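Only one chain comes next, encoded as structure tokens, the form predicted alone.
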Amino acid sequence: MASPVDDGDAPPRDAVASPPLLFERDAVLAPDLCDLLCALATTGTSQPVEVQPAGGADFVVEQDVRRAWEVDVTDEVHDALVDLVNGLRPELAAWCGQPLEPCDAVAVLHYPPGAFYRTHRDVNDDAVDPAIARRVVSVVLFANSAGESFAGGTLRLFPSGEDESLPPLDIVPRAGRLVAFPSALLHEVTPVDHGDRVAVVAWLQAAST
């Protein structure tokens, strides 16, 4: 059974994870920005999110692997989200133990009922885009909370990879929270049972030498 990471009901942090597995900050997204992102997700325009097949092929929509939609946002909103991530970049670099390039892009993702992302890693040595091979830190900012706006949609991390010698670690979405983890870590988003899960994702790359 996965160990939830949420609030006071969670087991002690050193019982389930220790750096550099997980970086967390609460209240990174302001409530009004959370509300705006949720409104855009459900009333604005969006496109199905693509994935890269094995072997380095071009990105394609494969909704049996990843069923989610990228939400269109204004440049102003996008830049504000980038600034939030970059504001934490020094702490993230210290946490992961290496210099990081500034974040230059984020994506706002909408997971409606039935949406999910199967087990995967965010770094890929065979990627068409070489920047993907340099990803070090994956960042997720939650715009709404599980149990209030939606059910399901848990971010599940697999500390042991495929060998399953350690239990998975569940991150319960909570509005405003930022979590970061190594991009090479195996993880998934479990299916959304009902409601609309909205989150922002970004990746920080290793600084060029």
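The shown structure was predicted, so the numbers you read here are calculated from the model rather than taken from an experiment. Numbering starts at 1 and runs along the sequence shown.
We do not show the form predicted in complex with N-oxalylglycine (OGA), though everything after this point is about it.
Each of Y111, L155 and A199 comes within 4.5 Å of N-oxalylglycine (OGA) in the model of the complex, counting any heavy atom. Between the options V172, V140, C34, L169, the residue in contact with N-oxalylglycine (OGA) in the model of the complex by a heavy atom within 4.5 angstroms is V140. Though the partner is left out of this view, H78 does not reach within 4.5 Å of N-oxalylglycine (OGA) in the model of the complex, counting heavy atoms only.
Contact annotation for V192: none of its heavy atoms lies within 4.5 Å of N-oxalylglycine (OGA) in the model of the complex. Contact check for R177: no non-hydrogen atom falls within 4.5 Å of N-oxalylglycine (OGA) in the model of the complex.
At a distance threshold of 4.5 angstroms between non-hydrogen atoms, R66 is in contact with N-oxalylglycine (OGA) in the model of the complex.
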